[in-house]
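Only one chain is given next, in structure tokens, and it is the form predicted alone.
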């Protein structure tokens, strides 16, 4: 922004103005303006006839002055507050990342072995194609649908490696915005916090369908079905393949069939977010059963995948977007447009995580070891879930039914606590969690289950 200069004379007259103009000419216009810009006074004598000269220079205002401070991320903000807390019993149950019983980050042994194989093979660091590593794309689609699935055999799946689940969702959102203009995405209420951000930034309209019932701390199945039926025909319905985030509440197999019926009747397009395959139940096939149900009915669908949780590759940003089409020709065209959208976004994806996945899934020995490690991780979460439930039931003598904790699945549990109660968990008990009452059981150890039970009971009964 240009500086503002004012010259004020107490006895304004033509002679004074002429004198100032002459001095400016002596300095030269550029030098004169430069001095003013720096807030300095030109070194010429003030004429006697000009009894008063005042010069004011405005503060240099940033061209980004209109940009306001963004609110802190609700999840990452929890982690920052946790780090600043010095209480010995503090718990970080906000971030969805697996921890050992000692509450330390865990690198899977099978990942270390895969990385050693990569070092031994002397792989280079050349750019990948836009669609990613061919071996990864093949492995991840087969892992999701099953190698013998007709969608794989008939080459009806367009698979493009994405930047983990988030980037894969964003790529799909760009596809929707460009080729389905005006189409709406239906999102569960509640859902993962970043879903809405992704569709907002992609300029894709969305609305919510009922999912969580606070009265039962369970699934509002009737409300969900009613809202899907009421949506405009041809809407995209975003579904969590397994281990719904944040509630941990999944439909039963029978309910999944009914959901598929309604989506098919309304000519909607199912859009799955699969972030926990194998990590929820401990079984890759069981956790992919919802996706495979829809594919088996010949429905066209979208599936975003992530390997952050099930292989612990959080920082590698490895995932994929899969589009199941009615024909191989359609899949080829869809893949070409996904590549076209990816090119100006990030050009091509990173290779390291993709090679890890391809090596693990493609090597029978490593693949079996991975399945055992997933069972171990899922088993630890199930164990602390059970112990937390047992601890609460032992301490709470009111007869309240806490069984919903056991009915939930995956790393998260919706406690049923409201914002004020969640604040009490943090302020009084040093338990860091999201304000919607969600806790990550992956960040809980067996040793701290009783402490957490005390915190939940106190917050539930003593904070309105």
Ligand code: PGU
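Positions refer to the first chain, counted from 1. All values derive from a computational prediction rather than experimental measurement.
Note that the form predicted together with the ligand isn't included here; everything after this is about it.
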| query | finding |
| --- | --- |
| Touches the ligand in the predicted bound form: residue 245 (any heavy atom, 4.5 Å) | yes |
| The ligand contact at residue 376 in the predicted bound form, heavy atom, 4.5 Å | no |
| Partner contact for residue 412 in the predicted bound form: the ligand, 4.5 angstroms, heavy atom | yes |
| Proximity of residue 387 to the ligand in the predicted bound form, heavy atoms at 4.5 Å | no |
| Heavy atom within 4.5 Å of the ligand in the predicted bound form - residue from 140, 188, 322, 306 | 306 |
| Candidate from 328, 128, 345, 75 lying within 4.5 Å of the ligand in the predicted bound form - any heavy atom | 75 |
| Triplet 165, 276 and 317 all within 4.5 Å of the ligand in the predicted bound form via a heavy atom | yes |
| Location of the ligand contact in the predicted bound form, chosen stretch of 176-184, 212-220, 237-245, 102-110 [non-hydrogen atom, 4.5 Å] | 237-245 |
